[in-house]
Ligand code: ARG
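Single chain ahead, written as structure tokens, the form predicted alone.
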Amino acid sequence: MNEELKEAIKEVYGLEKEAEVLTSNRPDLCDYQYNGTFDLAKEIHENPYNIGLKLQEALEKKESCQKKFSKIECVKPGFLNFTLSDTYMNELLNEMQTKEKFNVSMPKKETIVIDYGGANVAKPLHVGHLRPAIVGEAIKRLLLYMNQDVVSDVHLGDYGLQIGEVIYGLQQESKTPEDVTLEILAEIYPRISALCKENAEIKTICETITKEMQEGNPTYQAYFHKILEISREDIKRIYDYLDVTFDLWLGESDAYPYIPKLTEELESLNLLKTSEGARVIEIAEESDKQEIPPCIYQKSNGAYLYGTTDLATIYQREKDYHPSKILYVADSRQGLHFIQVFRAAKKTNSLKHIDYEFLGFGTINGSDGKPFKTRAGNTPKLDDLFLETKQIFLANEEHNVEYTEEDLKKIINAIIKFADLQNNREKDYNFDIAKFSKTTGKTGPYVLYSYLRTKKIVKNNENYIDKLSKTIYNVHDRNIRLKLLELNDVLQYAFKTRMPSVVANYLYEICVFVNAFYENNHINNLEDCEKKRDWVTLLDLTTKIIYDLLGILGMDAPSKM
């Protein structure tokens, strides 16, 4: 449609203009609409309605438009409306049914590293770790679906001050590396972290321990490896429950061997400057509207910071995978940090060719808009959140279904993930377990229930699956067909913007339409064989699309609901 309209504008006015036909916001009047006549009117000083009439006339003469549309109409004050022909709509749906990935257009293949998860070791995962895992996993799955070569890296925070603090606490209690357990770590870390905020002397000791550990002190390294082993095992357990997976389980510590080579390159380019005893990379630009501080590469005491290890990690990724893009899914409040790292990388010879994207996310609040808490009033560990979600779902459950633990896991995942992913990742959102656990409304259980019900209809009538005829029978039938035709545009836009919410909201809209279809079109006892064949075929395509969209969002359907 866009190309035909672009050609019509050139034919009528001699102008080279991009034209975008949009899904109609008045589906009772048309399927698609073009609003660009108003912008053209400003340029050529002609009434937008007259422009629309001329474009309508030009389009109606085109053979391709005659095939695609049953009606093209300009309505005042200048909207150009398009209604698809039933025949053409069904031709497109039949192509979606037979072609790989529903005939979605695939972008140019690139090697993309995506960095998400990013939990700090030595402490249990809590609700604040949900978004990087859930959002990052969905973006990764979307990239894979769109045929990209993807390398996912959890990039654990395993070499920072928290390790020095935990080692200090362990030694104060005369505990050896062999004594370390997850329970001990959960107790020591918050206690010593709070102590360091109150006592500058103890903080200095912990910083010294951290620095010496990074330099290879064998005693501290023994503690570090045990802490990492125990923490990583627990982090993997939680991520496994969320069906969040990574190609690489690396951390800051794995970047340290690359620091000398990176330092050598930075020195050769005269990029490292001395400021108050520290070594920094100046990254401010004249166009900056706010002050952008230098990227601190090495502190005055010789210790390295997150910026250093992030740069060294990029250096490592370039050597190992030669990515064209590296994506970082992290808290929006880290935006300045990533500006510094990206600008520093762009100043080098070896890393400047890579495109860097910071995909920031907001925070999770409770239903009251305040930081999310458990019933006990604490920031919940993820294990506690899973348990509370399970209890609330079962308490709200109306059908008295007996679930296996595997099915409950899938439902809990859907509750938590859909609650998050339906929101623009850049925004904060309120998480209300009771609301998002219901099987009605815009929830994960509603989406799962819609899928299972539709799948059951198809299974009971699978002998009728065939090609669609040229007929569309009623408004509910037409609505779902039109909605399925949006799939390509939806996935293209979600891929371009890295927004899983685009996929989640489209999935929900399909489910709304399929439920309306189900309520108004009874299939099982239908005697009209052609109509039954069309409707079963349509629902078969719908269930397959829903299944793929669930997969992109990291959700899986239980056996029953």
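These figures come from a predicted structure and were not determined experimentally. All residue numbers are counted from 1 along the displayed sequence.
Heads up, the form predicted together with the named molecule isn't pictured, but that's what we're talking about next.
Comparing 348 to 356, 334 to 342, 479 to 487, 201 to 209 against the named molecule in the predicted bound form, the single stretch with non-hydrogen atoms within 4.5 angstroms of it is 334 to 342.
In the predicted bound form, the named molecule sits within 4.5 Å of a heavy atom belonging to Tyr306.
Among residues of the shown chain, His155 is one whose heavy atoms approach the named molecule to within 4.5 Å in the predicted bound form. Proximity of Glu165 to the named molecule in the predicted bound form: non-hydrogen atoms within 4.5 Å are absent; the residue sits far from the partner. Proximity of Ala330 to the named molecule in the predicted bound form: non-hydrogen atoms within 4.5 Å are present. Only one of Pro323, Gly78, Pro294, Gly118 comes within 4.5 Å of the named molecule in the predicted bound form through a heavy atom, and that residue is Gly118.
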